[in-house]
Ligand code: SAM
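This document starts with one chain, in the form predicted alone, laid out as structure tokens.
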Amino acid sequence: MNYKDVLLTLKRLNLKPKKHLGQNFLTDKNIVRKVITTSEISREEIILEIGPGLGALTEFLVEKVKKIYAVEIDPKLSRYLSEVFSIYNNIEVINGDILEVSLPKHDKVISNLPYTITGPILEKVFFKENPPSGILTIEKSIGNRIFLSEDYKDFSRISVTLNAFMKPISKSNIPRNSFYPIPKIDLLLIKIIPHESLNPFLVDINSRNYFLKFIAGIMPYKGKNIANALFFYYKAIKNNYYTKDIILQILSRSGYENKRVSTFNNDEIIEISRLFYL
């Protein structure tokens, strides 16, 4: 679909883009081709498409893969997609909230992620054992944090958690005017793949959930020494067992220096979370 096609279709559907649903419809076929090429999809793969909208990507994917599950929250768009692709037997349109529906088995996720709920979507789809690959159009500021660097401002909760489960391998700029309405944020197309092996601490759902809460708890103190960050975190959740002395003893026994949180690498942070898991 080009710009005119999108406007005409929206008018026919009597549908105005909803900002709270992150509805920005892809209008540039060059970007569509770029997404498809980056995806490196094969005929045997099952694709989860989050927020297919008017089907700009879907119409290419449906010809190339074994199965597509297209999850669309807007009922009007879901009905439209079901009608448009009714001649295909390898696509299932699911009308529902991606954060609430049960996800069918899939190999890759392709999506222009709704910007307001990027974090929760990443957690649900990728933060688990045997996650899929992802080819995602994402807010540039978030995308830059996903690619680990020595830049202090890019060290964040999402950079640590996503890299614990996934390996970012490529990113490229996407022009804002490739969408209607034009978003107010800069965009990146990123590709992420699962690690060859997941840290054993993240396999069990209980220790995995602990790790995610642990990272959320210490990241507000990323500029502080790890002992202080841990002390403030446990104080905030009213865990009085971990005094500063106990924290320092635990770190010292395992050979960790009491240095700034942002100077630890991902593997070290996962291991530190394991030390404090009871």
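For clarity, every value in this text was computed on a predicted model and none was experimentally measured. Note that residue numbering follows the sequence shown and begins at 1.
As for the form predicted in complex with S-adenosylmethionine (SAM), it is not shown, yet the points below apply to it.
- S-adenosylmethionine (SAM) is not drawn, but in the predicted bound form it has no heavy atom within 4.5 Å of Phe127.
- Of the heavy atoms in Gly96, some are within 4.5 Å of S-adenosylmethionine (SAM) in the predicted bound form.
- By the criterion of a heavy atom within 4.5 Å, Thr9 is excluded from the residues contacting S-adenosylmethionine (SAM) in the predicted bound form.
- Using a 4.5 angstroms limit between non-hydrogen atoms, Val160 is distant from S-adenosylmethionine (SAM) in the predicted bound form.
- With the partner omitted from this view, the residue of Leu230, Leu48, Leu61, Ala56 that lies near S-adenosylmethionine (SAM) in the predicted bound form is Ala56 [heavy atom within 4.5 Å].
- Interface residue among Ile117, Ile185, Ile169, Leu198 relative to S-adenosylmethionine (SAM) in the predicted bound form, by the heavy atom within 4.5 Å criterion: Ile117.
- Considering S-adenosylmethionine (SAM) in the predicted bound form, the lone stretch of 107-115, 160-168, 83-91, 199-207 in range is 107-115 [heavy atom distance within 4.5 Å].
- Interface residues of 63-90, taken as those with a heavy atom within 4.5 Å of S-adenosylmethionine (SAM) in the predicted bound form (partner not displayed): Val71, Glu72, Ile73, Asp74, Leu77, in sequence order.
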